[in-house]
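The form predicted alone is given below as one chain in structure tokens.
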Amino acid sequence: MNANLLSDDFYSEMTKKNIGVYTLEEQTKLRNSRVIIFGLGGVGGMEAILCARAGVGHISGVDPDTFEVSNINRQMLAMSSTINEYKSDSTEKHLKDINPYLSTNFHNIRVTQQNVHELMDGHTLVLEALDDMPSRIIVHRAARALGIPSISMSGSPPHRGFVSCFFPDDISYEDALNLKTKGKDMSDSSVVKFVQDIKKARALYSVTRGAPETWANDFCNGAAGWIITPIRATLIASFSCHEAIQILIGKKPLAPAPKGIIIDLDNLTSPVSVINPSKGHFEAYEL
């Protein structure tokens, strides 16, 4: 049996439990898709795993960081055996273990305005799972310029998350999140500081939703990092991948922007909802 036949047999057996939820034609679309994930941490690492198991045929990943012990609480590929390894290398190795015939292209570099187009070009869909807003803006701008759908995510303590899909001809990421950055150079230190301050506002707003005030003050002062649980990261990744698959197989996602999937596990009546903001945009500090 030649390699192609072996690959076909493996893929068919691996994805056969999908059939019935997805048609054979839709599964073939997934196999022919090329997805790139920016950020391979708690959300992005799980997105990579889900895309591989769903049968996406090519996955690229971009992340400059190595695994640390503090990543273990929510990053599914952070283990005692992978500490100090590049997230990109560990993720690619793990995905090849899931599907040895998977096409991959992983990079242990930081996304910038200078390299984003080259990294993204030729892909079918972009999953953004970055933890800093300047890089998020860079990625969604590039996806729009290249005509590629992109999926955004965000999460805030204690148990809140946000997912939305952006299409090149519809509302932009910056407009949907009411960011006053359109047309501004994301390498300008004053613009970067302005965007980074939004995350500080998010931390303070999170206090009104149940986050510890001492943590929010420490975060704003640079004495603490962003807090996140494995539950929140996994939920955001799962909803992001569901939206990705819907787009890739030609179906309408739950939340094309300006709509957004809102996750709030402290909301006893609607822990998950799809919201269409009346003003056509969300306030970035709330997300």
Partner chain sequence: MNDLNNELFLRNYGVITSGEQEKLSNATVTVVGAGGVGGITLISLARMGIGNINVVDMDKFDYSNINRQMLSSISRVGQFKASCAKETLLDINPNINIKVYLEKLVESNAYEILKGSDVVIDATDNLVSRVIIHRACQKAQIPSVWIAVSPPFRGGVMTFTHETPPYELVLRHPSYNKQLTPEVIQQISEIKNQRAKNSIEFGALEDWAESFVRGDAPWAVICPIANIVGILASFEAFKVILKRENLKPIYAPDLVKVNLADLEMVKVETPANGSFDNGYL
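The shown structure was predicted, so the numbers you read here are calculated from the model rather than taken from an experiment. Numbering follows the first chain given and starts at 1.
Keep in mind that the form predicted in complex with its partner chain is missing from the display, and what follows is about it.
Original post:
Ok, V62, A257, M46, I59: which has a heavy atom sitting within 4.5 Å of its partner chain in the model of the complex?
Top reply: The residue in contact is M46.
**OP:** State the residue from S206, S152, Q75, S90 whose non-hydrogen atoms include one within 4.5 Å of its partner chain in the model of the complex.
**Re:** Of the candidates S206, S152, Q75, S90, Q75 is the one lying within 4.5 Å of its partner chain in the model of the complex.
Subject >> its partner chain in the model of the complex reached by all of V69, D97 and H159, non-hydrogen atom within 4.5 Å >> reply: The answer is yes: all three residues contact the partner (heavy atom, 4.5 Å cut-off).
Original post:
Can you check whether M79 is within 4.5 Å of its partner chain in the model of the complex, heavy atom basis?
Top reply: It does: once its partner chain is placed as it appears in the model of the complex, M79 has a heavy atom within 4.5 Å of it.
**OP:** Decide whether C220 counts as a contact residue for its partner chain in the model of the complex under a heavy atom distance cut-off of 4.5 Å.
**Re:** Answer no; every heavy atom of C220 is more than 4.5 Å from its partner chain in the model of the complex.
Original post:
Would K29 sit within 4.5 Å of its partner chain in the model of the complex, counting heavy atoms only?
Top reply: Flag for K29 set to no.
**OP:** State yes or no: in the model of the complex, is some non-hydrogen atom of T269 no more than 4.5 angstroms from a non-hydrogen atom of its partner chain?
**Re:** Flag for T269 set to yes.
Subject >> Sequence-ordered list of residues in 43 to 64 near its partner chain in the model of the complex, where near means a heavy atom within 4.5 Å >> reply: The stretch touches the partner through M46, I49, L50, R53, A54.
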